[in-house]
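Below sits a lone chain in structure tokens, taken as the form predicted on its own.
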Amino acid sequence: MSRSLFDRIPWVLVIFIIALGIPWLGSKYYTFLATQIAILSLFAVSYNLLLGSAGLVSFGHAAYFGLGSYACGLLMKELGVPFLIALAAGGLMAAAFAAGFGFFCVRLTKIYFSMLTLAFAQIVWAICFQWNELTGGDQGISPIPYPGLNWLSSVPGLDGFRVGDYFYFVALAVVALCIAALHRISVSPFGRMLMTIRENPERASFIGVNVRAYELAAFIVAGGFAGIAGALFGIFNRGVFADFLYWPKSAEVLIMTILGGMNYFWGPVVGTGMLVVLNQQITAYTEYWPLVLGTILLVLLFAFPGGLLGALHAGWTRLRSGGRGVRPGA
């Protein structure tokens, strides 16, 4: 297959159609796993707009994931707001906070930027953890109701499924639309300018590009989509908790992105699937999951610095070149 033909394949549509058939396997576990992977994939792809496209290492991306969860969960549980309105409100809430925090964060660079994102995220986590009247404190908010999806049973071919299966169909559709939008953004002139800024921000500034404005815009867009992922995850988890905003969640999405390959748009999706499946399988046999994960990351970073997709791309390039040497991570 030529590279041009490969690039023309609508991968969002192809993956969406394949994933759509999972509930027909009849396994509640597979549907549960696929729902988790789909939602966290959106979270990781939104983060890669910062890391892979703009070169911004944020240690506080979980804040927007958690804020979207709280906004959607509170609206649906306490006020009875319809699902789509609550979902949009979760994304808008996260984007609004990302705009406020990002206004200050993009004024710093490198490690100072990263530490400031962590500081803001920890402030938000502390408020949610202590504000018992609104957020439930360490007990969180539960149960978050499923949206009314019984109408899907009248769709030909969808009768007889469980409520969780219907939510999977809806979540998959939302994730597919959001990832398609993020892909369009990443290949647009805006996305290409972010890559230019990532490679050499000084040169971009010298030719008249407002570097801070572009980075702030990327921060807001990434935060908004993370909020949508968080809103879906709160419903899927049937509850919203302060742990959604805590720093290990930000580390988790960073690992997903690096594991799959941050230089590839689909890298975070691959990394998410790999991390979730490994977590489910390994924790069933041993409690030393962090040790196993650390070992995998060490091997990957030293042997394949381009991540899983980088390793596959290097192998494919070597195969096409007749076995001639390929620079690792190229």
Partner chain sequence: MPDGHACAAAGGECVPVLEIVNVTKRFGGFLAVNDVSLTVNRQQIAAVIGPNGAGKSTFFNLITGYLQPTAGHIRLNGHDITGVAPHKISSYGMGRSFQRTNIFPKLTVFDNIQAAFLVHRGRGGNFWSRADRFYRDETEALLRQIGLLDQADTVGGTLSYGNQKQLELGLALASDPTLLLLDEPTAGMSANETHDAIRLLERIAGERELTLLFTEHDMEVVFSIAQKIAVLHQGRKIAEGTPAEVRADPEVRRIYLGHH
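Positions refer to the first chain, counted from 1. Model, not experiment: these values are computed from the prediction.
Keep in mind that the form predicted in complex with its partner chain is not shown, yet the notes after this line are about it.
A.B. asks: How about Phe190: is it within 4.5 Å of its partner chain in the predicted bound form, going by heavy atoms?
C.D. replies: Phe190 belongs to the contact set for its partner chain.
A.B. asks: Gly208 near its partner chain in the predicted bound form, any heavy atom under 4.5 Å?
C.D. replies: Yes - in the predicted bound form, heavy atoms of Gly208 and its partner chain come within 4.5 Å of each other.
A.B. asks: At 4.5 Å between heavy atoms, is Phe120 in contact with its partner chain in the predicted bound form?
C.D. replies: Although its partner chain is absent here, Phe120 would stay clear of it in the predicted bound form, with no heavy atoms inside 4.5 Å.
A.B. asks: Might Tyr246 be said to contact its partner chain in the predicted bound form, defining contact as any heavy atom within 4.5 Å?
C.D. replies: It does not: once its partner chain is placed as it appears in the predicted bound form, Tyr246 has no heavy atom within 4.5 Å of it.
A.B. asks: Ala181, Asn200 and Arg203 - do all three of these have some heavy atom no more than 4.5 Å from its partner chain in the predicted bound form?
C.D. replies: Verified in the predicted bound form; spot residues all in contact, yes.
A.B. asks: Leu84, Met195, Ile127, Ile111: which sits within 4.5 Å of its partner chain in the predicted bound form by any heavy atom?
C.D. replies: Only one listed residue qualifies here, and that residue is Met195.
A.B. asks: Its partner chain isn't shown here, but in the predicted bound form which of Ala89, Ile141, Ile185, Leu149 has a heavy atom within 4.5 Å of it?
C.D. replies: When its partner chain is considered in the predicted bound form, the option within 4.5 Å is Ile185.
A.B. asks: Tell me which stretch of 253 to 261, 69 to 77, 151 to 159, 210 to 218 has a heavy atom within 4.5 angstroms of its partner chain in the predicted bound form.
C.D. replies: The contacting stretch is 210 to 218.
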